[in-house]
Structures are given as structure tokens and as C-alpha cells.
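Below you will find one chain, with nothing else, as C-alpha cells; this is the form predicted alone, and questions on how it binds or moves follow later.
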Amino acid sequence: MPVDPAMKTTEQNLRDHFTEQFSDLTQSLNGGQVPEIKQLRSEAIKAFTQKGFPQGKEEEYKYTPITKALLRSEINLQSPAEVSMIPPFNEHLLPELKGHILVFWNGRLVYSSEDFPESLEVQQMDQLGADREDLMVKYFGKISNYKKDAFAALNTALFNHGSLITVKENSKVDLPVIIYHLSDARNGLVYSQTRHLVVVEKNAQVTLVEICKNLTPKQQNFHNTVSEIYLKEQAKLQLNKVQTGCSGMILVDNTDINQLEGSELMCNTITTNGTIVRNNLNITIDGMDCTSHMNGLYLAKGTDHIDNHTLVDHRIANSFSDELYKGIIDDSATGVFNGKIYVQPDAQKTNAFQSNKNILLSDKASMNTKPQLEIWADDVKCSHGATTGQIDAEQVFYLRTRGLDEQQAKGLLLYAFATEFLEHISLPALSDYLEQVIADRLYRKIDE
């Protein structure tokens, strides 16, 4: 039923709106989907309808009030805003970063490179051929837990746009695959449900970059994305998530990764702004001799809220995971880190390490951190830890004895703390861009 604009929107209104959207989507597809995906959509919307958007008492979203932010955002419950004409988007791309490019504008694919090598297959999620539908049935929805997370359920039910990316066996994609998510809310709040499915076949190698930007930072928008990534035996993936232009955005990013024997993962996530940014990174290690590295950097200021939830599930013996997330929180901003490591009974000889380090630059800044270990095997090496504090006064004093003033000393320490993150990025153009973003943020603060 239409909602009276004069009435205050409630969580139930919001839930009903998206449930009605599912009915509209089902009618528009008119049977144009394979039965297995249709059934999965129905199960997902049922789970969402029952669960609803997370409330304050839900443990996983205890410190991240996304539902309140959505209700305050003046969302149009009649229909999402659309941009009638796509403006030129080249100015929003990183000119020095070369690769195979996909551009999504308000959740819809508006540009795709045409020079994909034979080793790389990329198709639109809403335009799959019969041969690719079989791949969808095999992998889609298998590792994303829509029964546990409301936003994963919402995306599973309502996705209509996205990409299916496969890297062929025994191949290496020399240039990175770059996915831009550009949001334009000039005609009103935009909400999008984008889906990606990535399969890196046996002994294949690829670098993937996801860049998220809000082009209208004074108008809020809601971007809900889910990525399912499969790394087959001896596959290698570097995944770089860049969230440096997300002012005014409510962003939920669910990334689920499954690793088989001998696969290698490097996942780097950097976030420098956003009304609310929630990153869920879930890794399942399903083979021996896997390696997983997770690195995160978040620089929050103003009233931004940045939340990183990670989970590494070690199910098989003889694998290694290493995780380091670092944050600098300023003004009245909030940071959240919740990291979980599970070591299952069959995962003997596991090495798993987790660390979260934070610097608070303001008395009003806050950080909620909760590293966790759950170990059911007895022959493992695991550790976790977290620190939150201010800039080390002794280090500032030492640098001042070497001729720096107080502002220069603090700036150098913050810069060194943050740029350690860049050591893990193999693309020079991306590393240079992020170094400039970090420098602009930190030195502008020091100069104020």
C-alpha cells in the first residue's frame, strides 16, 4: 500500500516496501529465470520478511544503526530515483589505473570493456546465456548466508544487475578487473542491489578492484552489494576494495569467499568516509595449504560510522590466515571492528593471527573493537589482539628532538601508521592514488 508522505516511515513500512518490490520484480521477469534461482529468491524474501532490518538488540549490528539511518534518509517508498540520462562518467574513473573496466551507475551496468582476453569471461547478471545459467545454478547463493543477514537476504531476493566473472583454468589475467560503483542521487535517494559472482578456476590468477563513489555527497543513497567468490585449487586473487568517495552513502558490502586447496588470497579494504559503511568479509577455508591475508584501513571523521566485520572459518588442516585492520578516528566519528576466527576440529596445524590497532584524535571519537577466537583443534598457533589509544607522546617527543615541530611530528606518525596498508597493494597506480588520499586527509587535519 502507498505510504502517506506526511506519516513517519517505520521499519515495518520499509520492510513492506521492499517486499512489494519483490512482487513487482517477479512479475517483470515473467518466468525469465531458471527455477533454482527463482526458488532461491523466494526463500530469501521470506527470510527477509521474517527477520526484517536489524534493530538495536541484534548483536551483529549492536553498534551500527543502519536501520535508523535508512529511516532518517527520507527514502522514497514509491520507487527509487532514476537518472533519466547518464552523464559522462570518465571524469569519475582513475585515469592512471588501467584494466578491464565495468561501470555501474545507480546499480545498473552502463559500460563494459570490450577487450577481455580469452582467459577472462565477463557477463551481465541479467543477460546470461544458457551455458552461464548452469554456472549460476552451481555457485549462486551457496556461500552467502541470506538466512543470517537481512541485507544479504534483501540482495538475494531483489538483485537484477551485476556481473558473472570467470577466470579460466591455468591462466593469468595480466590487467586488473576494475568495477566502479557510481551513485548519483541528484533526483532523490537511490537504492541499489548489485550482485557479483566470481569463479577463479584451478591454477588461475587475477586482480580485482572495486571502487565505490557517491557523486552527490549532500544527498544520501543506499547501496547494498553482495559478492560471492570461489578460489579453486592453487588459484590466486588480490581483491582491493576502495571506499574513498562514500560521503553521504549508506553502504553495506557483503563479500563471501571460499578457498580450496593451495589457493592464495590477498584482500585489502580501505574506507575514508561514509554516513554508515558496513563491510562483512566472510572467508571459508575448505582446503589444505591455503593462505589468506586481510588488511584494512579506515579513516573516519565528522559523524561518519565505519564498521568492519570479518570471519575466517578454518575447516581443513595446514592453512594460514593473517589479519591486520588499522583505524584513525577523528571528531565525533565511530569505528567498529568485529573479527572472528573459527578453527574447526579437523583444522589441525592451523596458523591464524588477527590484530586491530586504532588511534583516536578527538575526545568525542569512539571505537568498538571485538577480536574473537573459537578453537576446536589442539595443534594450532593462533593469536588475536586490539589496541585503542592516542598518538604516542614519547614518539612525538623523540621526533621533536630531531628538529620537527609538534604538528609535523604528529603528521609523520599518523602517515607512517596509515601507509603501512599500501605495502600489500601490487598495483602502483592504485597505491599512488591511495597514498595521496591518505596524505590529503591526514595533513589537512594537522594543518587545521
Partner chain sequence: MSKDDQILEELTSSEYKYGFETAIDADEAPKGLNEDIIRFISAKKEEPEWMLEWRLNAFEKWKTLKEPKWPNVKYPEINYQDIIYYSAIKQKATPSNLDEVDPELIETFKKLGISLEEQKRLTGVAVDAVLDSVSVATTFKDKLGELGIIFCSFSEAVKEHPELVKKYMGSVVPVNDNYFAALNSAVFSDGSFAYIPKGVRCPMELSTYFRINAANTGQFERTLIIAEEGSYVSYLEGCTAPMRDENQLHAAIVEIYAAKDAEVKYSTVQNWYPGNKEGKGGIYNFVTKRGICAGSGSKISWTQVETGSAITWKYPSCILKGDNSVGEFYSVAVTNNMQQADTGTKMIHIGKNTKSRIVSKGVSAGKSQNSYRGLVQVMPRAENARNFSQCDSLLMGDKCGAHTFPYIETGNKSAQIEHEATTSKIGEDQIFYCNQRGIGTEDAVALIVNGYCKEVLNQLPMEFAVEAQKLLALTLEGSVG
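Worth saying up front: this structure is predicted, and the values here are computed from it rather than measured. Numbering follows the first chain given and starts at 1.
Quick note: we don't show the form predicted in complex with the partner chain, though the next part is all about it.
S.K.: Answer yes or no: in the predicted bound form, does the partner chain come within 4.5 Å of a heavy atom in every one of Thr19, Gln39 and Ala47?
M.R.: No, none of Thr19, Gln39 and Ala47 comes within 4.5 Å of the partner chain in the predicted bound form.
S.K.: Can you pick the one in Met266, Leu361, Leu324, Leu189 that has a heavy atom within 4.5 Å of the partner chain in the predicted bound form?
M.R.: So the residue touching the partner chain in the predicted bound form, by this definition, is Leu361.
S.K.: Please tell me which of Leu404, Leu70, Leu412, Cys382 lies within 4.5 Å of the partner chain in the predicted bound form, judged by heavy atoms.
M.R.: Of the listed residues, the single hit is Cys382.
S.K.: Just to confirm, Gly287 within 4.5 Å of the partner chain in the predicted bound form by heavy atoms?
M.R.: Heavy-atom contact with the partner chain at 4.5 Å: absent for Gly287.
S.K.: Please run the contact check for Gln219 against the partner chain in the predicted bound form: heavy atoms, 4.5 angstroms, yes or no?
M.R.: The answer is no: Gln219 has no heavy atom within 4.5 Å of the partner chain.
S.K.: I'd like to know if Phe53 sits close to the partner chain in the predicted bound form, meaning any non-hydrogen atom pair within 4.5 angstroms.
M.R.: Output for Phe53 is no: heavy atoms all beyond 4.5 Å of the partner chain.
S.K.: Taking 4.5 angstroms as the cut-off for heavy atoms, does Glu394 touch the partner chain in the predicted bound form?
M.R.: Contact check for Glu394: no, nothing within 4.5 Å of the partner chain in the predicted bound form.
S.K.: Want to guess which of 158-166, 109-117, 370-378, 140-148 is within 4.5 Å of the partner chain in the predicted bound form, heavy atoms only?
M.R.: Every other range fails; the passing one is 370-378.
S.K.: What are the residues of 40-68, in order along the chain, with a heavy atom within 4.5 Å of the partner chain in the predicted bound form?
M.R.: In sequence order, Glu59, Lys62, Tyr63 come within 4.5 Å of the partner.
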